[in-house]
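One chain comes next, on its own, written out as structure tokens in the form predicted on its own.
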Amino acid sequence: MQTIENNKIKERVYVEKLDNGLTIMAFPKKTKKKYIIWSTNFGSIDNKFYYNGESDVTIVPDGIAHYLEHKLFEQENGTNSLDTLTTIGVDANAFTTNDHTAYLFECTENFDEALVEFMNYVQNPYFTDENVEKERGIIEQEIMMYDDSPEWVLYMNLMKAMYKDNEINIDVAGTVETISDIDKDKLYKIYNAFYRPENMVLVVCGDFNQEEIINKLKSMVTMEGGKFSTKRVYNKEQEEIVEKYTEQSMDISMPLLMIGYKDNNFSDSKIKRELGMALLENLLFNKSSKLFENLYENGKIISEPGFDYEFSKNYAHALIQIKTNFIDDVTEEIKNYIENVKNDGISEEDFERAKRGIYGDLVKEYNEVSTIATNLVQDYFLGVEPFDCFEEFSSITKEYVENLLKEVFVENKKVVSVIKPI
């Protein structure tokens, strides 16, 4: 068992890699809540692969990772594990992202009882023609709900304007048309290809003895490892954006604006770049920034801009989202504001203030078991070691952040997505 410790925040995580390839992490935390998450490195972008050495590429329908997430709760005895876990008082759930799928539960009581059900359903899929078909209508309704969500349409329209061939354009849930091609054989194939111990991580966080909980989990792991080769295939993406502007009308009361900047730098440390973007958000786009003050005082926005930096194996972008009746004015003001900061630089005082704020946020993330475990999973699949964020953060300088602003926030990599009222 490996012990990884950070003396600055006085926290430890214990890591053990089993003989079958599964990585287990235990993060002891004095709290009433217990949280466990089991995740596989398989998401919506993984739609093409060579299965176990086959010479022909397998192409699966868009949305199949999400479909499998729904179906894994189904049991041969006719029960649904999600319902079973809820009945005994634990908060169980699952989610699918672009690059991983996760199953989890959180509780203050009945952890051991819930763990038996949890470890069983993740390792024992049961797909039939009947239960796969039964789920189709449920997922179709979910897809239509997303299609009616202005925020989701705003985002997906921007992705399609930013990326030509990248799999980020695939809607996580797929479309009504693509999921019509999903059957039990395809579900079993992707389960066998990607739900393998060497492709998964199991994280538990709470008031546990690390050796006891890891040994308990080891005793309940029935997955077999061994030689199995699945090679993913991704499209090659161009550096240029597809189009600068996209617009759609929907049933909303106030226009939505999203501005995105395509980031083609994959050589920089992922975690350092993410932390640098967090500093830029604090400096440029939060409610205490000059941008917000000017737009708010002039009545052009009524709420704080949203900012996000998304990245994975083969994509990265920065996003700014605002509700405003003044689309053109706000877009132009943001452009001018960014150019002014590029030219004038960031003051040392503002930089140090932002750095203290972000450091405080990083420390706070270790107060909540769900955040700790989720972050450990995300970092693991990105090849980031636990607590690396603190080392990376200490190395970030004002010059690094200023260069990041100049490198990413450029006009020829900018896309504007707008949703206007009908």
Partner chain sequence: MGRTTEILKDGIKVHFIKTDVYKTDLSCVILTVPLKRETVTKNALIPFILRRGTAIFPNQYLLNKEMENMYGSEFNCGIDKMGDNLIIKFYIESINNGYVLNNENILNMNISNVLDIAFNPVLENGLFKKGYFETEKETLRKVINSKIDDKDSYAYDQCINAMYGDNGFGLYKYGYEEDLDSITLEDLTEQYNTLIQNSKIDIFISGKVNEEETKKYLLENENIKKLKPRTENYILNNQYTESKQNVENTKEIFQSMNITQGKLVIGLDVCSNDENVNMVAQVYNAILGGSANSFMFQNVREKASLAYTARSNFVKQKLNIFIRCGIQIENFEKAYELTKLQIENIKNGKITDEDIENAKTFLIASIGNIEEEQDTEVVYYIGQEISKTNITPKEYIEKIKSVSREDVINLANNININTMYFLKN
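None of the values given here were measured: they were computed from a predicted structure. Numbering follows the first chain given and starts at 1.
One more form of this protein, predicted together with the partner chain, exists but is not displayed; see below.
The stretch that touches the partner chain in the predicted bound form, counting heavy atoms within 4.5 Å, is 281 to 289, out of 307 to 315, 281 to 289, 233 to 241, 177 to 185. Taking the partner from elsewhere, every residue among 29, 144 and 299 has a non-hydrogen atom within 4.5 angstroms of the partner chain in the predicted bound form. Only one of 270, 164, 189, 323 lies close to the partner chain in the predicted bound form, with a heavy atom inside 4.5 Å, and it is 323. Heavy atoms of residue 48 never reach within 4.5 Å of the partner chain in the predicted bound form, leaving it off the interface. For the chain shown alone, residue 363 is a contact residue for the partner chain in the predicted bound form, at least one non-hydrogen atom being within 4.5 angstroms. For the chain shown alone, residue 388 is not a contact residue for the partner chain in the predicted bound form, no non-hydrogen atom being within 4.5 angstroms. For the chain shown alone, residue 125 is not a contact residue for the partner chain in the predicted bound form, no non-hydrogen atom being within 4.5 angstroms. Heavy atoms closer than or equal to 4.5 Å to the partner chain in the predicted bound form belong, across 146 to 161, to the residues 147, 148, 150, ordered by sequence position.
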